[in-house]
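First comes one chain, alone, set out as structure tokens in the form predicted alone.
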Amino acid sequence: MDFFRSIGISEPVFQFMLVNALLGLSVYLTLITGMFSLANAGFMAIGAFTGAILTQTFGLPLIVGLIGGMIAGGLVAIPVGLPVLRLRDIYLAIATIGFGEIVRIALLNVDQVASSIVGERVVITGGALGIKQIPKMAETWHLLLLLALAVYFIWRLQKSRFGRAMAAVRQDERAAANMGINVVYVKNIVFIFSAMLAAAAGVMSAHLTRIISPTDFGFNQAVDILAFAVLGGTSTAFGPIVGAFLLTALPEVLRFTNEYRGIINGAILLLVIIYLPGGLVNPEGWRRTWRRFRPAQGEASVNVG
């Protein structure tokens, strides 16, 4: 933590770096299985609202809110994943974007629908205003522990037989099916794990900001989550973590640039996509980039000689 303070990162910013790292890992799970899903913002919203309702309305501890939010995200992922995951590539991305919008609109209107059914005013999600005065229960060590558990779980998962099935599905679904792998089962299980991890991040985020609104979990949030994995890379689980840390910390580190912060952030992301398409945490990508410029330097020295 002292290192982050030395570069101008306060503890609240560091906490959100950890939350975003969880979100980066959630999209990492789907990407390494060959699924281009943008549903994580929707699952984050489900977790955030479920956790906030459990702790604020019912006065339950954070661990109950966390477990409840993860279960809610996982349960919603089951009926969503069965039809949606039969799609591929851009069609899957569009379908999961649609899911995120459905979640956002449902959260905006659930109070109104419930009130019309019951016949009196019902407040569950707070509509467009969202939920306010959520108890600030999340601590830095909670987030560090949760991130460590997530990394360990993903590491063990990838080393397992199921992890090898995930890799096979990513490389070639048809060949994996011919080898006896239940592709639909593998993709749905990974989708559920991803949803639960995104929901966990939503629960912790809600108990840091103390106020949440359905508009916080729209398309922009989905793109930000994907950017964590794109910047850091998906060759290892640490790639999305590094990407999340950088994209969360850069606005604070570059605060002195004022209105140019967005331009600098975009330029960094663009340079990584062009010269390191595999992300920052990708040794092979660095080697390819080095080989790309090295011959030019060698030719220059020969011409000078």
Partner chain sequence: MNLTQQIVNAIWLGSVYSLFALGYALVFSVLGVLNLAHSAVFTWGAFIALTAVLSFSMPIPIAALIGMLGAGIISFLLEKIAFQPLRKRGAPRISQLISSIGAAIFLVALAERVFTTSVQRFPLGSIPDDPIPGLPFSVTPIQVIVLVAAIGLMLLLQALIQRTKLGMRMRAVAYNARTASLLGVNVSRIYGITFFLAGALAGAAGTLFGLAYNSMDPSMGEAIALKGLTVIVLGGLGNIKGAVLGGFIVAAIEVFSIAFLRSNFRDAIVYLLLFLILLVRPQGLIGQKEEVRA
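Keep in mind it's a predicted model, so treat the numbers as computed, not measured. Numbering follows the first chain given and starts at 1.
The form predicted together with the partner chain is left out here; the points below concern that form.
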TL;DR on 112 to 120, 156 to 164, 136 to 144, 205 to 213: the one with heavy atoms within 4.5 Å of the partner chain in the predicted complex is 112 to 120
Assert contact residue (the partner chain, in the predicted complex, non-hydrogen atom within 4.5 Å, options I78, I102, A175, L149) equals I102
Check: Do I189 and the partner chain come within 4.5 Å of each other in the predicted complex, heavy atoms counted?
Finding: no
With heavy atoms only and a cut-off of 4.5 Å, decide whether N220 touches the partner chain in the predicted complex.
-> yes
Is M179 a contact residue for the partner chain in the predicted complex, using a 4.5 Å heavy atom cut-off? no
Worksheet item: Is L129 one of the residues lying within 4.5 Å of the partner chain in the predicted complex, judged by heavy atom distances?
Response: no
Looking in the predicted complex, is the partner chain within 4.5 angstroms of a heavy atom from every one of R170, L250 and G285?
no
Restricting to 81 to 113, the residues within 4.5 Å of the partner chain in the predicted complex through any heavy atom are P83, V84, R86, L87, R88, D89, I90, Y91, A93, I94, A95, I97, G98, F99, E101, I102, I105, N109, Q112, V113
